[in-house]
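Okay, so here's just one chain, in structure tokens, the form predicted on its own.
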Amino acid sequence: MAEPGFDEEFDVVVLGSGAAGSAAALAAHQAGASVIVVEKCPADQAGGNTRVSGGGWWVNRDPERARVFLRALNGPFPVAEDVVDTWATETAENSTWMRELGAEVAMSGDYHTGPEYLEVDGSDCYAGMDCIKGLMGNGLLHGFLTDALATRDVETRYDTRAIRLVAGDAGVTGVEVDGPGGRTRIGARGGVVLATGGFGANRQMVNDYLRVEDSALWGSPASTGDGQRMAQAVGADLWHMDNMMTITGVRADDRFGYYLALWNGANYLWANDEGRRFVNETAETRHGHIPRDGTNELFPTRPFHLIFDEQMRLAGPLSPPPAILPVGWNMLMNGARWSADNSAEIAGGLITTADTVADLADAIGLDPEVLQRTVDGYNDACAAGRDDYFGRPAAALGPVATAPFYALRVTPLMGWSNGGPRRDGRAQVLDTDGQTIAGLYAAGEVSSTYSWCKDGGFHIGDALAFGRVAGREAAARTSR
């Protein structure tokens, strides 16, 4: 029977059904707790960014070296040592735990076979990336976790949005939700786990915290900052709200975008809105950062122009097909496809074309003389085999010289936000005085561990690890 003031009651209430929420619910169930997962989306759209991600988690072969690696990646923005310790210990258990649940786990042979940050101290802990069946994307991780919950009779209540946390002198004791039957209050004897994802789909929060003036969505449109808002309302402190992962994208419509991956050729350059190059176009994009000016810098944070020629157009699609990289909401959920020879995008006006560089500049609103000088200077660097301005490697210097010429507007594609309620190594949410908010836990993108740089498979690895911790801790609280 529910306590007074609640319509029903469970030991643990989990908000969100992505990797973190599913892991929390499964861990709480394993600990013997009664659990419910509250998910605001319908079943065919649930799972947050996990559903459309690569679905892989990094393989941690050495927790001691992993501590070193995380500290080095965080750089000038350290997180508490208890968080580092839990992260290093628990991420090493992810694959074992998944196998115990019945997952067919295998290492990817194509993606993230080694660390992106190879030069960083501690990177030798990184052994590769495990996935379901060794395959990236296609919602395989989300599908497995959904089935794992169902086979254990853990209810996921879809189309039910968490409105606010119920809190008082005893801390957080439940949550008010709005579902098909109207508003109800669900009690949580052990605790509430926030696993509601990020805020990449909340334009106001992106403006306020990330300072990205224009972006398209890579992930779930449900990433609207619900958990951040609810946590703040009960006094939670926040951490690294200005950290994120964007990638190069192309706006498909007013919300979603394509991933721009220039893997097929080198006959291109990037120009800013002044018509000038501004960066080494081939600098490795490492989950939201590139090496630049002797440091790791968030990139991209604003739109720019891709300028390329007919050689590049014929080299292959500018956005990879699902057979190569089956990730992203636009591809997996909306069914969007980029044409193999880029012709459909030219015909549709997404790519602008002209017979000369000057005419191309006119068509996209740039100064023709400036863009012509930019292209000429870049082509001179190609001929010399040396890019003195931005250090683009000689092997990646392909001239933009074969008419017709093309331009494409590149828009930051919002992958993940990182910030949210500050938590400790036990996944307990902390208030602005550094004290725990009793009964409130957080895991996953709503409160990512990463204050700065991230390597491949880090987001899912963090979500699984701290999801388990949050579920266990909330379940254990029922017997205290």
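Because the structure is a prediction, the values reported are computed rather than measured. Sequential numbering from 1, following the sequence displayed.
The same protein also exists as the form predicted together with a small molecule; that form is not shown, yet it is the one meant from here on.
Trainee: Name the stretch, out of 28-36, 66-74, 52-60, 428-436, where some heavy atom lies within 4.5 Å of the small molecule in the model of the complex.
Mentor: Every other range fails; the passing one is 52-60.
Trainee: Only one of Ala103, Val327, Val83, Leu140 comes within 4.5 Å of the small molecule in the model of the complex by heavy atoms, so just point that one out.
Mentor: Checked against the cut-off, the match is Val327.
Trainee: Of the options Leu269, Leu366, Met230, Val357, which one has a non-hydrogen atom that comes within 4.5 Å of the small molecule in the model of the complex?
Mentor: Of the listed residues, the single hit is Met230.
Trainee: Would you classify Gly471 as touching the small molecule in the model of the complex, given a 4.5 Å non-hydrogen atom cut-off?
Mentor: No, Gly471 sits far enough from the small molecule in the model of the complex that none of its heavy atoms falls within 4.5 Å.
Trainee: So in the model of the complex, does Lys454 come within 4.5 Å of the small molecule, heavy atom to heavy atom?
Mentor: It does not: once the small molecule is placed as it appears in the model of the complex, Lys454 has no heavy atom within 4.5 Å of it.
Trainee: Is Ala19 close enough to touch the small molecule in the model of the complex, meaning at least one heavy atom pair within 4.5 Å?
Mentor: Close contact exists here: in the model of the complex, Ala19 approaches the small molecule to within 4.5 Å, heavy atoms only.
Trainee: Using a 4.5 angstroms cut-off on non-hydrogen atoms, would Arg161 count as touching the small molecule in the model of the complex?
Mentor: Within the cut-off, so yes.
Trainee: Do heavy atoms from each of Leu165, Gly190 and Pro421 fall within 4.5 Å of the small molecule in the model of the complex?
Mentor: So, no: the whole triplet misses the small molecule.
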